[in-house]
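Coming up is one lone chain in structure tokens, specifically the form predicted alone.
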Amino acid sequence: MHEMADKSSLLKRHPGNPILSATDWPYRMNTVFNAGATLLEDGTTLLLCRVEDRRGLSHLCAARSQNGVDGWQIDPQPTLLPDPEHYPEELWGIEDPRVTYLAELEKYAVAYTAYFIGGTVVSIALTENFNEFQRLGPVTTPWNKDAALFPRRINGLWALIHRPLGLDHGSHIWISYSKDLIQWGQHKLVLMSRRGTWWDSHKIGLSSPPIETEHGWLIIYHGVKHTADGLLYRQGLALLDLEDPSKCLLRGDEWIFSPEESYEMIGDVGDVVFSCGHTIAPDGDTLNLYYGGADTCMALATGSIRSMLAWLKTHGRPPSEGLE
């Protein structure tokens, strides 16, 4: 098989994996996983990690590295704690942040899952420095999660990818639009979980935020299959139209990244690779994908955006061609 067509060549695990685990943390906790990621102005990599405490509730904590691999400086206390007194939807914790830099506002937007007795909702917070946060509150109804903002307005509106819970078959990826980041509407279905025995048949959801390319918005998404041994999480690729991202242009038939290593297969939740964040190197092509392994640690895989687009061109097809 041609190297460009081989899905195993699209993402290479860092030999130092896992790059962050509970033993690295400066305070008592259980696990670290599912971090949002961004490059700061000085080139520092910041991971906004989901940290689960020993009660089972999650908060967010920032870790910074000059090379994005090691030498992590971790905030000595939680960076963003749930605030159920003012935001009751955060009663049972805040989880799985996706970080998008909004150049128009000169702020980072953090879309995260808030969890409470009524279910999960998507909430948004804005920050300039990851020290102080302006919460905008919940922007979806329950049950909803796996959300990220696009980095720029599209046709004058902000756009948000999210994943409401499906009631009949599977759970699917949707998009909504807003003028002010608070009130959202024009909801449209983008991508469906596939029926039958597909690797993404049980549910799907966005992984790291959409990547703008000249060919469209490249998205890495997670697909879940319900097996006899439980749920199996893998990663796949799709391409959305640049000016109408509710339209999926191409979707790969096969997964491109699957649990293989012990730190991905054994942990609090086994058989999980789950990404919430990435950074792009100065060459504009090298993708550093940060992902949670088995809901227990943080790991890194590196790939090429050009190679992913080439793979999709050869091995993807429009979803309308009978894939759902």
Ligand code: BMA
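So that there is no doubt, residue numbering starts at 1 and follows the sequence shown. Please read all numbers here as calculations on a predicted model, not as lab measurements.
Although not depicted, the form predicted together with beta-D-mannopyranose is the subject of the following passage.
- Annotation: in the model of the complex, residues 150, 158 and 182 none come within 4.5 Å of beta-D-mannopyranose through any heavy atom.
- Using a 4.5 angstroms threshold between heavy atoms, residue 203 counts as touching beta-D-mannopyranose in the model of the complex.
- For residue 274, a non-hydrogen atom is located within 4.5 Å of beta-D-mannopyranose in the model of the complex, even though that partner is not displayed.
- Using a 4.5 angstroms threshold between heavy atoms, residue 52 stays clear of beta-D-mannopyranose in the model of the complex.
- In the model of the complex, beta-D-mannopyranose stays beyond 4.5 Å of every heavy atom belonging to residue 112.
- Here the chain stands by itself, but in the model of the complex one stretch of 41-49, 265-273, 24-32, 283-291, 265-273, has heavy atoms within 4.5 Å of beta-D-mannopyranose.
- Taking beta-D-mannopyranose as positioned in the model of the complex, the only residue of 221-240 that brings a heavy atom within 4.5 Å of it is 233.
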